[in-house]
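Structure 1 and structure 2 below are the same protein chain in two forms, each given by itself as C-alpha cells.
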Structure 1
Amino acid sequence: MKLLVTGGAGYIGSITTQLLLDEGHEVVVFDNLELGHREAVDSRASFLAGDLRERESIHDAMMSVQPDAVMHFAAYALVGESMEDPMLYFHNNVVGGIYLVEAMSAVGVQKIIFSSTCATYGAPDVIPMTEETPQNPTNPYGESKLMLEKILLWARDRHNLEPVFLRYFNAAGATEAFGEDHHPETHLIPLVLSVALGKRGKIMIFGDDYDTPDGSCIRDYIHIVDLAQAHIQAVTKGGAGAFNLGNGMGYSVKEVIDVAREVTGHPIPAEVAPRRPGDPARLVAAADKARNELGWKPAYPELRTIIEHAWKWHQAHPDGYEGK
C-alpha cells in the first residue's frame, strides 16, 4: 500500500514508518519538523515538509501523493502543556485535522488511521477501560483528540471516510534505529533514563497521594513496536471503529522508577512533587478488541523489556537525534 504518514518524523510516526517499509509498503512522510526530526525519517521513505494548519500544504500533498490510506500522527500531545494553552491544542489538533479531512475528501482518499488516546476517556470509574468507557476528557489534549474522532465520524457519514481510532495508552521503548527525543522531554520513562545517564540529578514523582496502592499514578505502558504494528494491522486488515492499545497491566510511577533502577544499575534519586494538573490516577486498557478483530498480539508486553529497549537507544543517542 501507499501511505501518507503525517507526523512521520515524530516518535510514534517514525517507528511506524520504519515497520511499514520493512513490510514492503511505500511511505510518504508529511511533517513540519517543529517537533519531529529529519534524522528520524527512514531513508527509504519520501519526505514532504508541510504544515497541517496550512490548508494548501496538505491539499497539495494529498493531490501529489494520492495515497491508499493516511496515518495521522501529527499533533501536540502533552497533557500539561494543553492545560496551560488549550487553544494551541485545538488549533493544531482540531483545525489541522479538519484540513486533513477536507484534503482526503477532495482527493477521494477514504482510509485514515488516527492516533487517538486514552486521554479521551478522562478519569474513568472502572478499570480496565474498554472502548465503551464513556469519553469525558479531563484536559484539552484529550478533548482535542475526542473532537477529531467526532469530526471523523461525521466525515465517515458524509464524505465516505473510513476512520480507525487507535486509542494509545503510554507509548515507550525504541527500535535500534529510532527512539524518543522530545524537546523539552516531559514523559516519565525518558526522563527517568536521563537521570541514569547523568543528564539530570533526580526524577520528580508528580503526586503520591492518589488513590492507588503506593499513591503514585498508574499507567499502562506499551512498546512502541507493538503500537506501530497495530497500525499496520488496522490498515491491512480493514479494521473499523475504535481500538484501545495497551497491555492491560498498570504500573505506578514508583514501580517504573524501580524497574529502571534494575535495568540501568543506577540509583535514580526520586523526589515527590505536587500533582500535575489534568492527570487521572489510573489509566489501564482492556485491549481485547484489537486482539480479536485486528489479530494484534503485543510482542513486548513486559515493562522491563520496554525500559531495556529505551535504555539501549538512549545510551546510543545520549543527546537524542543530531542537530537538535
Structure 2
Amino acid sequence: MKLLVTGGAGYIGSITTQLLLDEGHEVVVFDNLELGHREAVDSRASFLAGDLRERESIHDAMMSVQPDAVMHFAAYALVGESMEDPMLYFHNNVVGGIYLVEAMSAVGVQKIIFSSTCATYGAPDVIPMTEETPQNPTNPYGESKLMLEKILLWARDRHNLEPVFLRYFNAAGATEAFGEDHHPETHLIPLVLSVALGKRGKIMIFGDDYDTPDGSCIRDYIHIVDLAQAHIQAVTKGGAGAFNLGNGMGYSVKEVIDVAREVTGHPIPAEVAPRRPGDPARLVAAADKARNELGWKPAYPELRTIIEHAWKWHQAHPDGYEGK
C-alpha cells in the first residue's frame, strides 16, 4: 500500500513509518517539523514539508501522492497547554483535520487511521475503559480529538470516508533507530530516564494520597512498537470504528520509578509534590476489541521491557535527535 503519514516526523508517526516500510509498504511523510524531527524520518520514506492548517498545502500533497490510505498523527498533544490556550488546539487539531478530510475527499481517498486518545473519555467512573465508555473530555486537547472523531463520522456518512479511531493510552519505549524526543517533555518514562542520564536532578511525584495501592496515579503503558503495529493491522485488515490501545494493566508512578532504578542502576531521586488538578487516580484500557477484530496482540507488555528499550535509545541519543 501507499500511505500518507501526517506527523510522521513525530514520536509515534516515525516508528509507525519505520514498521510500515519494514513490511514493504510505500510511505510519504507530511510534516511541518514544528514539533517533529527531520532526523526521525526513516531514510526509506519520502518527505513532504507542509502544514495541515494551510488548505492548499495538504490538498497539493494529497493530489501529488494519491495514497491508498492516510495515517493521521499530526496534532498538538499537551493537556496543560490546551488548558492555557484552547483556541490553539482547536485550530490545529480540528481545523487542520477538516482540511485533511477535504483533501482526501477531493482525491477520492477513503481510508483514514486517526490517532485519537483516551483523553476523549475524561475521568471515567468505571475502570477498565471500553470503547463504549462515555466520552466526556476534561480538557481542550481531549475535546479537540473527540470533535475530529465526530467530524470523521459525518464524513463517513456523507463522503464515504472509512475512519478508524485508535484511542491511545500511554505510549512509551523505542526501537533501536527511533525514540521519544519532545520539547518540552511531559511523559513520565523519558522524564525519569532523564534523571538517570544526569539531565535533571530528581523526578516529581504529583500526589501520593490517591486511592491506589501505593498512593500514586496508575496508568496503562503501551510499547510504541505495539502501538505502531495496531495501525498497520487497522489499515491492512480493514478495521472500522474505535479501538482502545493499551495493555489492560496499570502501573503506578512509583512502580515506574522503581523499575527504572533497576534498569538504569541509578538511584533516581524522587520528591512528592501536590496533586495536579484533573489527574484521575487510574486510567486503564480494555483493549479486547482490538485483539478480537484486528488480531492485535502486544508483543512487549511488560513495563521492564518498555523501559529497557527506552533506556537503550536514550543512552545512544542523550541529546535526542539534536545530537545526531
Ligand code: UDP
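The first residue in the sequence of structure 1 is number 1, and each one after it adds one. Under this definition, the rigid core comprises the largest set of C-alpha atoms superposing within 1.5 Å between the forms. Everything numeric in this text was worked out from a predicted model, so none of it was measured.
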I need to confirm something. Of structure 1 and structure 2, which is the form predicted together with uridine-5'-diphosphate (UDP)? 1
Once the core is aligned, please say if the CA of Glu39 is shifted by at least 2 angstroms between the two structures. no
My question is whether Asp51 is one of the residues whose C-alpha shifts by 2 Å or more between the two structures, given a fit on the rigid core. no
Pro298 C-alpha shift between the two structures of 2 Å or more, rigid core reference: no
Core-aligned, what's the Cα displacement of Gly278 between the two structures in Å? 3.6
